[in-house]
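Below you will find one chain, with nothing else, as structure tokens; this is the form predicted on its own, and questions on how it binds or moves follow later.
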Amino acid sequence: MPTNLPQTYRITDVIEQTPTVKTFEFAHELDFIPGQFVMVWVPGVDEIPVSLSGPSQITVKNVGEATAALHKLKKGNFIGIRGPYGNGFALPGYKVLIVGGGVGIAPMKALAQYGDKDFTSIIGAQTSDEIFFRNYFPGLHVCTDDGSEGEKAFTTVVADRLLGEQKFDAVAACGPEIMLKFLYQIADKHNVPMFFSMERWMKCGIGICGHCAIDPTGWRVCKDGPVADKAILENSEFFKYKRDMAGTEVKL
């Protein structure tokens, strides 16, 4: 069960996945659904939302003040964890195409490892140096923008091809919103149900502050998401604009 009070856990291992991404193992196993997230408190710095890559594991890219401070922590240090929160992936059928881009590979690894479906997987990044968790994905296709590993192509190109060649019951994805925008169009073209893990700035993580509510429905990414289906995506601000920390619209 999620808790709204931070629980302090010791870091048991720190794994450098790429030059910008680290995995932190902590001394507690959470009961979670793949796709859910936790609020991670970095003592003295900030609290940030992070997807779970396993029941006792978060995988974080160094992109700002809080993540930079987190990346400095070592085995034996402590972090605070609230959660898990959100809805996670509830996928129809049995045969599912997984797509992970950039640090969005992390929550898709959790789905691939802890789900009970027949998965085919696509993961992608700009270069081979930014690909991680290769060994955790069944039926894996690797894409890099520069062709340094796998196929020189965007994940969406490979997804379009696979959806045209095989019958899938669902597409599940997490990654940059521009990737998800084109993947939405591709899944819609092939008439395959889609379930995407979406991002917006969060503060409370439990649906109170409204900071992550989207236009025009007020759907809260933290409480009602972060996994959205076509019904949520097609009539929302997603794929049109994002928001900065102050909530100001930023064109995608």
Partner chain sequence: MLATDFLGIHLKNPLVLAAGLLGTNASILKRVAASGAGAVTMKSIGPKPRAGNPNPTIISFGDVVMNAVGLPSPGYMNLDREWEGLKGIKVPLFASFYAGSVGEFAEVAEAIVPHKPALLDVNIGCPNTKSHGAIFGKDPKVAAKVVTAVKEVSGKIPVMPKLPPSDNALEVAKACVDAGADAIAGFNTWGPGMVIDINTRKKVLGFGTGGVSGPAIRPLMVKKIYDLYEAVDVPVVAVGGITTGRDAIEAIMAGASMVEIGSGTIYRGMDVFAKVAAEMESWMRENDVKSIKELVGSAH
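Fair warning: this is a prediction, and the values are worked out from it, not measured in the lab. Numbering follows the first chain given and starts at 1.
Quick note: we don't show the form predicted in complex with the partner chain, though the next part is all about it.
Original post:
52-60, 30-38, 216-224, 183-191: which one contacts the partner chain in the model of the complex at 4.5 Å, heavy atom to heavy atom?
Top reply: Contact criterion met by 216-224 only.
Subject >> A69 within 4.5 Å of the partner chain in the model of the complex, heavy atoms >> reply: It does not: once the partner chain is placed as it appears in the model of the complex, A69 has no heavy atom within 4.5 Å of it.
**OP:** Please run the contact check for K230 against the partner chain in the model of the complex: heavy atoms, 4.5 angstroms, yes or no?
**Re:** No.
Subject >> Distance check, G210 to the partner chain in the model of the complex, heavy atom within 4.5 Å >> reply: Yes.
Original post:
Does any heavy atom of R82 come within 4.5 Å of a heavy atom of the partner chain in the model of the complex?
Top reply: Looking in the model of the complex, residue contacts with the partner chain include R82, since a heavy atom lies within 4.5 Å.
**OP:** Note that the partner chain is not shown here; using its position in the model of the complex, name the residues of 178-209 with a heavy atom within 4.5 Å of it, in sequence order.
**Re:** In sequence order, M202, K203, C204, I206, G207, I208, C209 come within 4.5 Å of the partner.
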